[in-house]
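First comes one chain, alone, set out as structure tokens in the form predicted alone.
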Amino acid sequence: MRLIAHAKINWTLEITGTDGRGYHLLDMLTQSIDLGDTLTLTASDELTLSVSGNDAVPADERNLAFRAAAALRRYTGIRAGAAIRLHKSVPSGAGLGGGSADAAAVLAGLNQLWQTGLSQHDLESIGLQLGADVPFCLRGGLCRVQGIGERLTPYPAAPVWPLVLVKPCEGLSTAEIYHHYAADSAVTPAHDRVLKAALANDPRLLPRHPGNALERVSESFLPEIQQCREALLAAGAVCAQMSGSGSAVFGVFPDADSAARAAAILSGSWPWVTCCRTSASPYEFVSEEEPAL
């Protein structure tokens, strides 16, 4: 079977404290986007992973997709294997949750391929052990994500809006950004304003900068993030925001034509620019035919 594992954006990101284990407690509005990696899962005696599209992405137990398959086997006790082929389209170190999306798609796909019969709750419990974004990447759409990623409040009426994504050359390490984070009282994420705009399906109601508590830390490593945000607004975005811990920045546009025009302009200044849309689903099953890679 083949799946497209949808990446995500963070409309808002607030850090509300830490738990007894030192994990950061989060309050975020997160939404799936239709940019995604392609995973092909085939029944096999062994558990293997191959990766294309990004030579820097490992094809062993360091990869979340492989770890997800291994975690599912441990959880169920199943002894089946699978040949996992992963083609990367989502850039690494971007704050777009590509690795988490891959893990979620592997859990959902192998749950079907291996006929384990696990519930959504079971899969999200496994996913939480892999990373804070994995439960959301199993749920998808637009969600308020709280705690360490385990508390999900879905908003089914989420709109589909055109986006332009821009990423500077370098990626950023999520662990390093969180390590350097210090509470910034000046950042007050506009959760309610984003939800009002989403539920009214009116991007004009979006704040120009919804609020990401990690943005200043990430900009201290990569000042181009702020430049990306300003460039998107200058190109006609009604809203621009860094996603996750960066380094990708997204802009929301009134329509697909204005997004395409902005992307054409911005591609002359930045190495990675793409158009996509928000999505209501975390992944999609596609035909059995081989992808054109």
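Numbers follow the displayed sequence, beginning with 1. Source: prediction; values computed, not measured.
Note that the form predicted in complex with a small molecule isn't included here; everything after this is about it.
Asker: With the small molecule left out here, work out from 64-72, 259-267, 231-239, 40-48 which stretch has heavy atoms within 4.5 Å of it in the predicted complex.
Answerer: Partner-contacting stretch among the options: 64-72.
Asker: Is it true that L25, E124 and R139, all three, sit within 4.5 Å of the small molecule in the predicted complex, judged by heavy atoms?
Answerer: No, the whole trio is out of contact, none within 4.5 Å by any heavy atom.
Asker: Q120, T188, T153, S92: which sits within 4.5 Å of the small molecule in the predicted complex by any heavy atom?
Answerer: It is S92 that has a heavy atom within 4.5 Å of the partner.
Asker: Consider R85 of the chain shown here, and say whether it contacts the small molecule in the predicted complex, taking contact as heavy atoms within 4.5 Å.
Answerer: Answer no; every heavy atom of R85 is more than 4.5 Å from the small molecule in the predicted complex.
Asker: State yes or no: in the predicted complex, is some non-hydrogen atom of P254 no more than 4.5 angstroms from a non-hydrogen atom of the small molecule?
Answerer: Close contact is absent here: in the predicted complex, P254 is far from the small molecule, nothing within 4.5 Å, heavy atoms only.
Asker: Is G246 part of the interface with the small molecule in the predicted complex - any heavy atom within 4.5 Å?
Answerer: Within the cut-off, so yes.
Asker: Look up in the predicted complex whether G99 has a non-hydrogen atom within 4.5 angstroms of the small molecule, and give yes or no.
Answerer: G99 belongs to the contact set for the small molecule.
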